[in-house]
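Just the one chain here, laid out as structure tokens, in the form predicted alone.
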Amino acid sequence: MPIKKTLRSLSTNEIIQQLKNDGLVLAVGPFVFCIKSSLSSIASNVQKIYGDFQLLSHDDLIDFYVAIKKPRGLRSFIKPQINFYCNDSSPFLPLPASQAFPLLEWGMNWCIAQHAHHYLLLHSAVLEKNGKSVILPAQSGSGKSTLCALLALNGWRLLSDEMALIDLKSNQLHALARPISLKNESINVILNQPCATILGEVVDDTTKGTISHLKPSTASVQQVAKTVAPFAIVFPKYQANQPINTKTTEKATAFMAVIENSFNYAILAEAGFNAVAQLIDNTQCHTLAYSSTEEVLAFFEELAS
């Protein structure tokens, strides 16, 4: 079997040139992205955060051609902005040029959510330890990504920060292992952890506040092709200055909560209903309210033991 070439094998100049010219082709979980941009912030962040990802060529089957570009004309000089393109279509309004890398990350998530309907897609973090996976569905502001980062830095394999991919045929979880998006106070929470962390640039004044991205561990990226059966669904909620509180969730309640956190349940119709039903039948379901890092890590260690 040939040795897989990673982005780390390219020099800084090679990354810049590939991004500018035909595009940089990377395997991102079960998807292949061709990324193009002439912006230096894209090149530096991609090199820093995606170094462990498999480097492919234009001869491989590419799922998404994405690009971050500056508009032409005076707009490129007065309050510079950038646009995200997927397969030559721009689905979003332009953003300030300083937000180029967050826009790339949001855009890549959009590509998957809009097109990968051979999976049940949940707005959820997914991690695994000792063969036991946890799905963490949650709305924005619940602390999902902070919790995901804490677990990923404490021995859990990252499958995804943003999206659970549940195979409609096998009901297995597929991994993305992409950068973990951290917002506002959570950036310092993660920087203050005793374990080594690698963050991309910190970008202020986005629609979500201050944003940075945590590099996924090398081990998580190397195991990205390894699927895992769903074991537990935990609905997390950070509540400041409160002791940890966990409750078993009734199956019917969990079913409805999973639907509310799905990107494509309605599109999948009967296949979506069957996938959610099997997911709920085969997992234990909990709600989790917490504030203490030590308490929440202990809860998940017990779950995986």
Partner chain sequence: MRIIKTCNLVTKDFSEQVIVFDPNTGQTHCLDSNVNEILNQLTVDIPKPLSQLKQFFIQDCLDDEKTMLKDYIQDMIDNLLQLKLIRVYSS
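Numbering follows the first chain given and starts at 1. Worth saying up front: this structure is predicted, and the values here are computed from it rather than measured.
From this point on, the text means the form predicted together with its partner chain, which you will not see here.
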*Name the stretch, out of 26-34, 43-51, 234-242, 252-260, where some heavy atom lies within 4.5 Å of its partner chain in the model of the complex.*
252-260
*Quick one: is residue 281 in contact with its partner chain in the model of the complex, heavy atoms, 4.5 Å cut-off?*
yes
_Taking its partner chain as it sits in the model of the complex, is residue 270 in contact with it (heavy atom to heavy atom, 4.5 Å or less)?_
yes
*Can any non-hydrogen atom of residue 265 be found within 4.5 angstroms of its partner chain in the model of the complex?*
yes
